[in-house]
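Next up: a single chain in structure tokens, the form predicted on its own.
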């Protein structure tokens, strides 16, 4: 009898402990059904760095609408670093009262009234990269605050993270967002150091694959302890990562530098085209309030955007390199394909591509482009003009640092 009573007590104790423990199990999985195509929007950092305030953000939202960008698919107005004020006595974060006197809730309401969504920035460490209060130790409070403001997107950086392991830190903020209850896109900004593509798909919706982009087509900025990478250097660093990307989980090669004054018009086109080819988030980083027509034409090119936003969500791949011209292919929905000829040299290059002599296979996603058996119609995605079919070889002269991007359709 004593043994039976002891067994019952142990069993009851175990059930109680188990039940109690289950009350504290965290949900480390991101919100589903968000970012099913690469996110499109704008971020303040590339152009304005810490010089942000509510006037700029409201005007940017207005410009996203008036420029046609909202109708082209851009959705998010993301405030990067330096919006922060101080934490109160309970540890809750507040916006800088001088820069955002109306408050973040009012600003989010304004952005939502424009048919747009609002993003915000924090950091897994004790301080942000700009020296503002980070979220370390305050993750659940911050997530609750963001939810109360109506935030739709969180970019979460990786400065001042001494002793933290990236996967665990990002799981903590994911659990906090889950607990807060408002679905938000989580942008993992860990710079690719801890291979976020390996663990990021369940935790966040996109993850940075490299350090910061630099406003240059083909160069490196050496800052001593760290480097920033030009557009082409960032592109090169995507090698081997395409198998990790797809609907709801994207490789992020950083924000766009289009319209920031240092790239030529042809380099802007090449930059935009290649981000579309690799299914990258299209997050503009320029001053939307003061764009020339060339910049608007690049950012609003619906043909190129459609390649980026294709529902298959397959990241393109480099097929070949011939005389400094890279040839990239991207499978699209309904048996279509996109192809890009990227001239990385400083000289004009001739293209002569015999479709019938080429065998294009996407080994990872099991897609074949068979021009021997199937004739495809060609469309130039920058001129928006029909360009013959794959019955004939493609011949063209491609200027330096420029791109020829086409769609193939049966």
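Residue numbers count along the first chain shown, from 1. Being a predicted model, the structure only gives us computed values, none of them experimental.
Not pictured, yet referred to below: the form predicted together with a small molecule.
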Original post:
Exactly one of 272, 146, 207, 121 has a non-hydrogen atom within 4.5 Å of the small molecule in the predicted bound form; which residue is it?
Top reply: 121
Subject >> Partner-contacting position among 212, 139, 310, 267 - heavy atom within 4.5 Å of the small molecule in the predicted bound form >> reply: 212
Original post:
Does residue 246 make contact with the small molecule in the predicted bound form, using a 4.5 Å heavy atom cut-off?
Top reply: no
Subject >> in the predicted bound form, residue 191 touching the small molecule (heavy atom, 4.5 Å) >> reply: yes
**OP:** Find out whether any non-hydrogen atom of residue 130 is located within 4.5 angstroms of the small molecule in the predicted bound form, and reply yes or no.
**Re:** yes
Subject >> 4.5 Å heavy atom contact, residue 330 to the small molecule in the predicted bound form >> reply: no
Original post:
Any chance 242, 317 and 362 all have a heavy atom within 4.5 Å of the small molecule in the predicted bound form?
Top reply: no
Original post:
in the predicted bound form, which of 320 to 328, 95 to 103, 164 to 172, 76 to 84 comes within 4.5 Å of the small molecule (heavy atoms)?
Top reply: 76 to 84
